[in-house]
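For reference, the chain that follows is the form predicted on its own, supplied as structure tokens.
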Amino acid sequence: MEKYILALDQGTTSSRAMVFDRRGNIVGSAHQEFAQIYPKAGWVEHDPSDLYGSQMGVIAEALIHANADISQIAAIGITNQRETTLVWDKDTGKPVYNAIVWQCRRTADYCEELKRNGLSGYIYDKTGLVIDAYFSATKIKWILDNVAGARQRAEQGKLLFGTVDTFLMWRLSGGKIFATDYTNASRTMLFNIHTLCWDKDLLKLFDIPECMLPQVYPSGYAFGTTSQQFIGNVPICSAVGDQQAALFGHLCVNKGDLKNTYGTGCFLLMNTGDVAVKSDNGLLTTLAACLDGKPQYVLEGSVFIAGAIVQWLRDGLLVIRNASESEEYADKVPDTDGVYVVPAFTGMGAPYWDADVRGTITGITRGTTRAHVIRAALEAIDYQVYDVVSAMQRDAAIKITQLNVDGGASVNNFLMQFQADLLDAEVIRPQITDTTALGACYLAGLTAGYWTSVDDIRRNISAVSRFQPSMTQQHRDKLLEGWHKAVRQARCK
């Protein structure tokens, strides 16, 4: 019988399952959304039963669509929303509180206190992370401090902590697998990315018992087998955070390889090989997916507003009816006629990290049309990516020549061509843009022996679209000068 790899992609708003064949093609898939819980302003939670229940549902549906039986699954790979935090009872499996989502800001004040106490450099040196409520450590502390009896039970060894990958593996294995991988551990603000261990000093700082924490392994690893319901006795052979999964899905396994995911925001990751590059430009240093005990590192930068600006054009300004119309309007004019949009709806991310700046449109004249504004909004996505890539190049002392892309907005040909022109680099878009699930699939398949090597996978990759730069340096410099002037105007206080 034909054998397949099953990838589970547990995201922030939905759970997905995809069945892949040896050529990396999707032969069956399913997705299911689940509820977002907002107890207070700035608080975001998920019901853990929704995470597991929706994931089990889509597994069954994807197998049906693939016309496959569970016995045909050679291995399972898991990728997940990072930083989201769960704590549950070791014996009963019952969560003591809802999952606290990576977006949740309930611990922001505590993070500011840590910064005032001068701990930013200390924590960055160990974890590669900035102090922020985004990461798991302060969420765990909040649960232990605010759920009745939780701290006492944790200290007695009765509670377990996990990111979503850990929780899913624990449930799928009937409690036999209590583990995570380097990529997810590196986003907790408790894991020393240099020693590859939970850091005892940080555990003491956040008052978190080490007995709560899972074992940490490479992303491609034989974690154990499933034992639940209709998916019993299948090996789980990968677990990996979503952005690192996408990096591996592009097979960015060499130093200098770079990918960008164009979603609501943008996530850029650059492989820096076996060197943990310290950033002087507001980037994070974190761990990449790997298949052995020899870690690779990445620089990571985030753009807050990417695809969200297209949604704003559609739902806020009502100047387009759907996302595809943005490309049509952008192509109607040769340029923006000097108009720039700085989409700082919620501040600006890397490399600026300015939470107070707000969105601005500059350069408007009597001749400005809807098409000019729409084109300027799309170009703003690429300008922000350019700024992060430039920061990465300065930090890593690497000149990039290619950018691998995925995500919803990557289907916009105008956006991809303008990105290639700005970066003076080739932009490569794969036929399958679900590279997050693909990365989990590749890691699981390599671990299980389904593929023999990365080169074996490369030989089977489907066609890609390539966008070559065609802009002169003089024109590029003029456009970037205008963009940076617009950013300065937006940030002027």
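Please read these numbers as outputs of a predicted model, since none were measured by experiment. All residue numbers are counted from 1 along the displayed sequence.
Although not depicted, the form predicted together with a small molecule is the subject of the following passage.
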{"query": "Any non-hydrogen atom of residue 308 within 4.5 angstroms of the small molecule in the predicted bound form", "finding": "yes"}
{"query": "Any non-hydrogen atom of residue 409 within 4.5 angstroms of the small molecule in the predicted bound form", "finding": "yes"}
{"query": "In the predicted bound form, residue 191 touching the small molecule (heavy atom, 4.5 Å)", "finding": "no"}
{"query": "Partner contact for residue 347 in the predicted bound form: the small molecule, 4.5 angstroms, heavy atom", "finding": "no"}
{"query": "Option touching the small molecule, based on a heavy atom within 4.5 Å in the predicted bound form, out of 117, 92, 324, 195", "finding": "324"}
{"query": "Listed residue (390, 368, 227, 264) with a non-hydrogen atom within 4.5 angstroms of the small molecule in the predicted bound form", "finding": "264"}
{"query": "Segment that reaches the small molecule in the predicted bound form - one of 324-332, 234-242, 140-148, 180-188, heavy atoms within 4.5 Å", "finding": "324-332"}
